[in-house]
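One chain is shown next in structure tokens, namely the form predicted on its own.
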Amino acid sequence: MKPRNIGIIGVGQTKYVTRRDDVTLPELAREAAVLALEDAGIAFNDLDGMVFSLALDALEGTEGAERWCADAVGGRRIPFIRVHTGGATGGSATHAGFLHIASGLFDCILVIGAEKMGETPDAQKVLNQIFDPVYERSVAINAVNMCSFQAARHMKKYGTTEYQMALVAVRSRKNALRNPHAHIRKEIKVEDVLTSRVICYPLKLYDCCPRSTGACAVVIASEKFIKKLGKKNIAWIKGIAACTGTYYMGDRMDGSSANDHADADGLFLAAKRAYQMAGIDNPRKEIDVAEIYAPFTSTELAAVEALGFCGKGESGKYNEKGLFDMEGGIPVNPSGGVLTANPISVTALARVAEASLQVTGKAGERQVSKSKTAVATGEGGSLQFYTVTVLSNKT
């Protein structure tokens, strides 16, 4: 069954920073909500429902922080749900909003989230708790080394180099200079990346994302609502899909093609389904720009391969050729991406917001020329949850 035509009509983002002591979490979320509603040209009482994008409670220092925020973002007296799939939360929340409207029960949904990681004394300690408590936590698996294992495996399997990974960091930092919302806005060189301190081999400091504070919101509406509003220039959601992989890191280390840790096969399956829904046969030719959830340089290498922009093991080579640069064939993360801002609860939602801005020509200095179709991704948990969203400026 073909779903209703559904589009994003409003986007709101705060500036992403290390810490905000001037606002509470609800106040931070409200900033993004108000911006998104203003962009959409509607008021809180026009909303039929709300999806709250919130990842780990422990990062906020309270249990069930969505309850704390509901009043502030206009959630009272309308349906309100929270979504949590780790780093993929913003992508999953977007899909939940889409499906609410596709059901025919709702016409206008606010997807909203906020994160204050700057107040978390030790975010890594919180993230360490996401892993299997019986077999794997005792061997000190954590968010950084699980991705360093992926990087090392990609290097061994495909001959990828630390230089090629450094190119991702340099490009992301350069792109972020044009994004007023980015947390890290400082240009670096390949030598800076290669000589920065090792966090967990082969990942070095500049291969890694920051921990950020900020909020993001998007307003999703049915074509019926949009026509009544008279709104033009819409980011239509053409395809969505998600894929869930194994929880266990050990199951990815057996070298089989289905579980090889070098590759993002879960993202590949999600992309395949989303492209099918969007009618995309050749993503390298039909996608104009990508906003990819990649908290580490190596994560992006596997992701561009999974999205079909190049073959497995080829991303390093194409980074050297500039395929993913702003002037390349498929610009990746013109916003600077996760390497320059990572408020976990909303990071994947920010990818959707940025992709929406790209296809509507509202991305400012980071606008990719003639951008009509964009893809946004999310990755969460122990690289377990994947989301893909395809947006276009055409219904």
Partner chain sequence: MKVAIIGVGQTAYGEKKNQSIDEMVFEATKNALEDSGLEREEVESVVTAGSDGLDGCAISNMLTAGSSGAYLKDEVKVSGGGIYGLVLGYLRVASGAFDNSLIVSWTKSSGVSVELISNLAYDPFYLRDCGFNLVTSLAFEASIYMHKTKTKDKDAAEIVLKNRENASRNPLAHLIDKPLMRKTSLSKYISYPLRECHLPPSSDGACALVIASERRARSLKKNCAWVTGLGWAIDGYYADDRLVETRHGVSLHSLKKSSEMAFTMARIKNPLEEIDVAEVSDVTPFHEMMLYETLGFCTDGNGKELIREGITKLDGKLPVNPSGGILSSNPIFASSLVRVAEAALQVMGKAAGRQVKNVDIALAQGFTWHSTQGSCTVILRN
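All figures in this text were calculated on a predicted structure; none of them were measured in a lab. Numbering follows the first chain given and starts at 1.
Same protein, other form: the form predicted together with its partner chain, not shown, and the subject of what follows.
At a distance of at most 4.5 angstroms from its partner chain in the predicted complex, none of the three residues His154, Val170 and Ala363 contributes a non-hydrogen atom. This chain lacks the partner; the member of Val144, Ile188, Leu229, Leu269 within 4.5 angstroms of its partner chain in the predicted complex by a non-hydrogen atom is Leu269. Checked against its partner chain in the predicted complex, the residues Arg273, Arg284, Lys174, Lys312 give one hit for a heavy atom within 4.5 Å, which is Arg273.
Per the 4.5 Å heavy atom criterion, its partner chain in the predicted complex is contacted by stretch 66-74, the sole one of 66-74, 355-363, 34-42, 329-337. Interface membership of Leu56, defined by any non-hydrogen atom within 4.5 Å of its partner chain in the predicted complex, is confirmed. Taking the partner from the other structure, its partner chain in the predicted complex has a heavy atom within 4.5 Å of a heavy atom of Pro79.
When its partner chain is considered in the predicted complex, Asn259 lines it closely, a heavy atom lying within 4.5 Å. Although the partner is absent here, Leu105 lies within 4.5 Å of its partner chain in the predicted complex, judged by heavy atoms. Scanning 208-247 for heavy atoms within 4.5 Å of its partner chain in the predicted complex gives Ala241, Ala242, Cys243, Thr244, Gly245, Thr246, Tyr247 in sequence order.
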